[in-house]
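In the form predicted on its own, a lone chain appears below as structure tokens.
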């Protein structure tokens, strides 16, 4: 069996799983009531959960942008015979996941910039001011913290649906869809 037709290439698989791990970790480490604590004077650099959450968010955005570039130039992805409605559902879910992988970190930047909070990252990297956001019309359009929370929850639900579908393909349909994102067996 030719693995190039049954499996994604090594880089696609690695980026997929690194992104999944980073999203889950960022969600778990997402600080509760972060905005309120910041308004009460908390320095986010003193909280490792905030630093890790923000660092993972930047990692998710970087991995997603790298993945999008790779999708444009990578070898052909595997294809599977399935009903048209499954192809449509798969494309829609994947499209929404791509959108969410960018929208969640962007909404975080909008939250920080519009509320005047610093971006704090591992290694002591800190961006105190984001005037391009704070002084823009978009800053006052909505409560970006609520949008970020909503999108963060939505990406977890959508990822869960994506996982359930992969397990369904593996256990019920036995069509190799899940295995295509795992290393080929020798």
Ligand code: HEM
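Numbering follows the first chain given and starts at 1. Bear in mind the structure is a predicted one, so any value in this text is a computation, not a measurement.
What comes next is about the form predicted in complex with protoporphyrin IX containing FE (HEM), which is not displayed.
In the predicted complex, protoporphyrin IX containing FE (HEM) lies within 4.5 Å of some heavy atom of residue 119. For residue 109, a non-hydrogen atom is located within 4.5 Å of protoporphyrin IX containing FE (HEM) in the predicted complex, even though that partner is not displayed. Not displayed here, protoporphyrin IX containing FE (HEM) is kept clear of residue 136 by more than 4.5 Å at the level of heavy atoms in the predicted complex. Proximity of residue 153 to protoporphyrin IX containing FE (HEM) in the predicted complex falls within the 4.5 Å heavy atom cutoff.
Annotated contact segment (heavy atom within 4.5 Å of protoporphyrin IX containing FE (HEM) in the predicted complex): 18-26, selected among 5-13, 18-26, 161-169, 174-182. Scanning 45-62 for heavy atoms within 4.5 Å of protoporphyrin IX containing FE (HEM) in the predicted complex gives 53, 54, 57, 58, 60 in sequence order.
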